[in-house]
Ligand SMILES: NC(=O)c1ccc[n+]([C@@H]2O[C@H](COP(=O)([O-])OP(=O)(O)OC[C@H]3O[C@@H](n4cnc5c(N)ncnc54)[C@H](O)[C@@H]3O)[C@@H](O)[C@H]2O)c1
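One chain comes next, on its own, written as structure tokens: the form predicted on its own.
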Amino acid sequence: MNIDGKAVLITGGSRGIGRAAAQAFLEAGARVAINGRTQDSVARAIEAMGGGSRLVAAPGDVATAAGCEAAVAAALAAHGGLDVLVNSAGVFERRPIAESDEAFWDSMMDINVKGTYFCSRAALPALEESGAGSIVNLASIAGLEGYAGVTAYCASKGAIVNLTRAMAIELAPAVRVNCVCPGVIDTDMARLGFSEDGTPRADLDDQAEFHPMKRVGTAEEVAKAILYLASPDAGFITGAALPIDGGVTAGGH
């Protein structure tokens, strides 16, 4: 997967799947701009990854169009262009419909959907100029199937799946657009999201039985799929929604 020297922006790159993706692109030789909500969170992530000239900060709150534009502008200022955008920033929270208010709905949709849309919009001129631009969005198996107790999350990730398809058609052939649809992945967000008392869980072992593979996934496994979809090796793939779910959406549950 020839990513060497490519300019990449990863939203939500300071933690979880985004952080693993940033590491994967870095190891593949890319120049990576890390986005997070605050300068401090981005600085900590870059320090933890070893720093260096190929890692740059691109902070911005992607729940707003202005924050998306700020993140993309920082990446462009550092890279001088952009070849790959990974829209990884997102939130997950279980909450039944009866307990979901407008603020909760807006927060879920702003971060998960608005952020993906407006980061893509801001990055589009640079991606088109690249000549081989690629966008990889983070959806979920909750964007392919419905699950009780996470209706707002399902709505947001379903939007990402169809947004990916629509963007792929509109932006072809200049820019490829795909998404990954992970099952339960062992990240801090999942450990908090599946918590019953508001504190991160020690593990997600009880989620293993939900997957035919009898385990949860790792952020690194998702990162490798993102790297592939962004690479020239996937040059004839656009509009795809790739499950990385241990067999869940095959009907194994």
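The first residue of the sequence shown is number 1, and the count goes up from there. Just so you know, these numbers come straight off a predicted model, no measurement behind them.
Keep in mind that the form predicted in complex with the named molecule is missing from the display, and what follows is about it.
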{"property": "Close approach of Ala24 to the named molecule in the model of the complex, 4.5 Å, heavy atom", "result": "no"}
{"property": "Heavy atom of Phe118 within 4.5 Å of the named molecule in the model of the complex", "result": "no"}
{"property": "Any non-hydrogen atom of Arg31 within 4.5 angstroms of the named molecule in the model of the complex", "result": "no"}
{"property": "Residue contact check: Met189 to the named molecule in the model of the complex, 4.5 Å heavy atom", "result": "yes"}
{"property": "Residues Cys179, Ala223 and Leu242 all lining the named molecule in the model of the complex, heavy atom within 4.5 Å", "result": "no"}
{"property": "In the model of the complex, segment of 96-104, 167-175, 150-158, 120-128 with a heavy atom within 4.5 Å of the named molecule", "result": "150-158"}
{"property": "Residues from 36-62 in contact with the named molecule (non-hydrogen atom within 4.5 Å) in the model of the complex", "result": "Gly36, Arg37, Gly60, Asp61, Val62"}
